[in-house]
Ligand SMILES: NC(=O)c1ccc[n+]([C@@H]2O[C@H](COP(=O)([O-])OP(=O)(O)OC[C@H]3O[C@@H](n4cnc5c(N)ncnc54)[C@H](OP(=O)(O)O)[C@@H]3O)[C@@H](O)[C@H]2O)c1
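Single chain ahead, by itself, as structure tokens, in the form predicted alone.
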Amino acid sequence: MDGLELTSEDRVLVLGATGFIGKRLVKELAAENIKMRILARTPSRAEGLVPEGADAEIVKGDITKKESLKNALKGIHSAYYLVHSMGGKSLLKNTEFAEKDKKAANNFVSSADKTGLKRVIYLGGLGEKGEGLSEHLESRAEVGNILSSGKASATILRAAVIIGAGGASYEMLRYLVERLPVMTCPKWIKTRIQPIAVHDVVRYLTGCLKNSETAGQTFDIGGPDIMTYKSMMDQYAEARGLAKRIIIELPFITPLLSAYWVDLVTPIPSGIAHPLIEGMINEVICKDNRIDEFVPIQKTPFNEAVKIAFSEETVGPGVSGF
């Protein structure tokens, strides 16, 4: 595709480089000898993420400010948009964060259109559009639509629960199963889901950049296992060598009550737990596997993904010395 193929001289902008996905992506891009520019509100946080010898520029800026984006996008061929707010410590902040994400995406498109960006790659969330979609998934879909409206050719990847140390969904799962041999859960515990290992997500992100035929397309990405939230808890316990957990379904438990319960039992604050739990209402499985035609990878089974994630933990339940 004319102008969309990345060359060895092109530089790639990473937005959200200090986040759960971004910091792993930076290492992967460095391993592929891809030139980078990282936009960070606090550059010192980003400096430690860049492997020695990597060609990476770190610039100070804020994605909510157009001037920052305009400067960061100068001379950039492609950009990764990994910016998304889960919410704050308070449930009252969730709507505010969704509006902030919308503003940031519009700022990005406006700046990108003026600087000649060729491609943007965005990691969104799985979930069918329409009535009943959680506010969190609606926000992620809206950001994807905004990015697709610009001149740059957008590649949208949609993932469900990502299994990796430090990810909110995984940490919520880890703390609940590790700490509670008996737990009560809402009816959505039977919702089907297709989790994916964080390293597989990073490989898909990198593969899409290297294959220009993925430009302008939307792909569902998931691991090899389709399960329910209950079976995910069961298999986590099995992977960790824990006794089988007793899970009691209580249909009357609301997402709000569940969020406060998670806040109490895990380090995940209610403002972040609530959109995650609310999203459990929606079945999140891949509708197709077209991505494999463009970026073929060996997908990591759920049990293996859990073991890898836990091996990367330094604190928390089950970790020696905690």
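The model shown is predicted, which means the values in this text are computed figures rather than measured ones. Residue positions are given as counts along the sequence shown, with the first one as 1.
Note that the form predicted together with the named molecule isn't included here; everything after this is about it.
Distance criterion of 4.5 Å from any heavy atom to the named molecule in the model of the complex singles out 159 from the list 121, 159, 177, 193.
This chain is drawn without the named molecule; in the model of the complex, the residue among 73, 82, 109, 239 with a heavy atom within 4.5 Å of it is 82. By the criterion of a heavy atom within 4.5 Å, residue 169 is counted among the residues contacting the named molecule in the model of the complex. The named molecule is not drawn, but in the model of the complex it has a heavy atom within 4.5 Å of residue 21. At a distance threshold of 4.5 angstroms between non-hydrogen atoms, residue 39 is in contact with the named molecule in the model of the complex. For residue 45, a non-hydrogen atom is located within 4.5 Å of the named molecule in the model of the complex, even though that partner is not displayed.
Only one of 26-34, 63-71, 293-301, 50-58 lies within 4.5 Å of the named molecule in the model of the complex by heavy atoms, and it is 63-71.
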